[in-house]
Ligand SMILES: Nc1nc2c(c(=O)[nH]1)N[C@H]1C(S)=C(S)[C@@H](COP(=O)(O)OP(=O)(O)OC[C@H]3O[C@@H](n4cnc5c(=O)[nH]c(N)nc54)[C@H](O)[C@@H]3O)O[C@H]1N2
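Only one chain comes next, encoded as structure tokens, the form predicted alone.
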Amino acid sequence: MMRQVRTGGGWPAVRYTFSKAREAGGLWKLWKAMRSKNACKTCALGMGGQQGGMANERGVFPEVCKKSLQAMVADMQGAVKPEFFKTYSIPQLQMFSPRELETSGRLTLPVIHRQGENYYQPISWEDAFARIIAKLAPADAATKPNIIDRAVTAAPAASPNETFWYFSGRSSNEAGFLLQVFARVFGTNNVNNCSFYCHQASGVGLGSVLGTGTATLVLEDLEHADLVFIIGGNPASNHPRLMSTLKHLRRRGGHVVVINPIVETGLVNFSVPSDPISLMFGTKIASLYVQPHIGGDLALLTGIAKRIVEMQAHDEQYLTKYCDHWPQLKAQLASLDWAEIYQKSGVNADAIQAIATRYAAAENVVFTWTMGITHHTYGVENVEAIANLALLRGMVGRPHAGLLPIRGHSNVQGIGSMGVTPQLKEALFERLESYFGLQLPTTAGLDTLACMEAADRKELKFGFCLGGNLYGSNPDATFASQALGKLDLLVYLNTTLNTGHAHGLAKETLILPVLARDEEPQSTTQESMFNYVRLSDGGPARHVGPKSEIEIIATIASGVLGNQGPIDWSLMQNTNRIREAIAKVVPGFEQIKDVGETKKEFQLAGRTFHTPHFPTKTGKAQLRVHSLPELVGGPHELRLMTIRSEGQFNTVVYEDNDLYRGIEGRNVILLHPEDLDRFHLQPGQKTTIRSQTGEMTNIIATSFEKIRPGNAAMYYPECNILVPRSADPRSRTPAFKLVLVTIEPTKVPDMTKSPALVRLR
């Protein structure tokens, strides 16, 4: 193990900034890039936009974090060298780590791989478009304009429902809207985004309770809270800008309750580099840190609710007036046995009492959570239980309190708002048909996991990935590679290489290089997790070759559908024209029409709840009653959760070492010393990890006292081979955070019995 730091942020973050500046060509060059008027490329907390880079959506400066620096420097890389794809074969690329692929350089030329060949080959933009269009065009496509008369794939064209369309959260609202409209006009509802593998459970859970799937508060509300819950997340590593807000909260005398099976260094103490006092002396973050077992969250949250009612700290008047089903929830809480709660959560009476006491004493409470809550087969119920707990004391529907799912990708929420989901909301569906004069498909459509399973059944022929890493985001990596391999054509739009380009290969695979957000020739918009729409100005391209996502989408749509129908796709390369359509079609986005000219960013109406009236059928919040799931895991098993390191963002790995946890390398399993003893293992010993889905060998057993005994952690996406395709039935979010595994020493072959050695004797 490497030396573990005692605080998050601090001087290591300052030194890291200078090292990244050298990679980017100098501090001044990086400073100019970071200060450009473009929304942050990493998380959805809201940095950048017209407030300028390194400022939040309220204009507070400086607001910056390592994640934003890492993403910016990655986009400032030099181009992939011309000989790269001639040098490295597919088997060699499959040996690359996620970091090695990411740092190979910026993609600048389209490339194609054909099944049976060992190398990617360069291809012109014209030929790339021709192959895509021919795969999607109907039988009379030869009579349409913009179809390029060149050699194209020999496989038959794909019918609409033999295609799927996958969207990353780093794309713009304009690109997301344009592509989902194209897919539906083409004739399919197989439209889905990366949120199905992360926060879809949040949207479904919040929607079932409150009638909305997003945060109920604005940034200013968070800054007035006197208690913040951080449940199943590690924002010190994944959303570092939140730590500045928590620093201010602690200085005001407020409290932070952290619920996480791992004690994370940055959530105990964090040194905010932009604050001299915090930088020098650090800031205590967690007032109370509670470690449930992996999978124990629902039992713990229900137990806290039960204790609040027993203490008579709940708001009976609020619950009666503004909530449905309070009598049912009250009866269920009263009937629950405390012994069951303790056993299924792994948390004792004293810890639950300590949480309840702090909650009962607080006046303005914000509940935050991330994928430690959503990545379960009962992820939606976890979210509903958090909402129940907030509603018990009337912490939803008033200023300075509420619910905040901490989302990852900077525009994953905006992509959802643009209608990137298999089933459109009724209002959006009707407006889309009316505005464009369309008749849209009404088939159910497939979510992300369903698309993968349909591809494996050979029911799909074509996939289109607008950014992201679909292969790397999937559970059961072996299955993901197998399923994608059965497609006729798979198209990736990316700025850099990722593991999907090496392992997620169809019969034909195209990689199309795209411009980064701050290189777009036109302005685009993004939506923060606080429902705030930001404007990115774009900027000069760093390389010759990449195209904007919007240009690529419009060109393909024009070639497939022509320009004589209800939509002239040749005109849809203009973001102002796209925003005009968004303003007419997407409820709440009326102000987006003129944002390119006015530069006036705005808060979406109807999503922030400062009064207790909710967009449900009754106008009231819908409390939910749940049974408590069993705490799974036998005496010879471990509960494994996937984690991200301090040096990565989602599937993108920027650094192989995990500074905050003191872990060197990623080929490790983190185990409490008690579990090392239980399985008769030594620290540093090579082990074999098995699940119902797969196995990994030569994984280094690492002693890690800060994880709850009986639980283990491994790095995502490398350990996805172990994650089964078990999913929450309501959100279809896979259970990355609760995988039962066994562990044993890796058996070393007895080389003395090798036939080769025998012959030598």
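Keep in mind that what you see is a predicted model, and the values were worked out from it rather than measured. Position 1 is the first residue in the sequence shown; the rest follow in order.
Not on display, but discussed next: the form predicted in complex with this ligand.
Peer 1: May I ask you to choose, among 534, 579, 409, 461, the residue with a heavy atom within 4.5 Å of this ligand in the predicted complex?
Peer 2: Looking at 534, 579, 409, 461 one by one, just 409 meets the 4.5 Å heavy-atom criterion.
Peer 1: Out of 621, 516, 628, 510, which one falls within 4.5 Å of this ligand in the predicted complex, going by heavy atoms?
Peer 2: Of 621, 516, 628, 510, the residue with a heavy atom within 4.5 Å of this ligand in the predicted complex is 516.
Peer 1: Within 4.5 angstroms, counting heavy atoms, which one of the listed stretches 197-205, 435-443, 360-368, 115-123 is next to this ligand in the predicted complex?
Peer 2: Only one stretch qualifies here: 197-205.
Peer 1: Is it the case that residue 497, even though its partner is missing from this view, gets within 4.5 Å of this ligand in the predicted complex, heavy atoms only?
Peer 2: Yes, contact at 4.5 Å.
Peer 1: Would you check, heavy atoms only and a 4.5 Å threshold, whether residue 527 touches this ligand in the predicted complex?
Peer 2: Residue-level check for residue 527: no, no contact with this ligand.
Peer 1: Flag residue 388 as yes or no: does it have a non-hydrogen atom within 4.5 angstroms of any non-hydrogen atom of this ligand in the predicted complex?
Peer 2: Because no heavy atom of residue 388 falls inside 4.5 Å of this ligand in the predicted complex, the answer is no.
Peer 1: Within 4.5 Å, heavy atoms only: does residue 649 come near this ligand in the predicted complex?
Peer 2: Yes - in the predicted complex, heavy atoms of residue 649 and this ligand come within 4.5 Å of each other.
Peer 1: Does this ligand come within 4.5 Å of a heavy atom in each of 8, 241 and 304 in the predicted complex?
Peer 2: No: none of 8, 241 and 304 comes within 4.5 Å of this ligand in the predicted complex.
Peer 1: Can you name the residues of 548-577 that have a heavy atom within 4.5 Å of this ligand in the predicted complex?
Peer 2: Contacts from 548-577: just 549.
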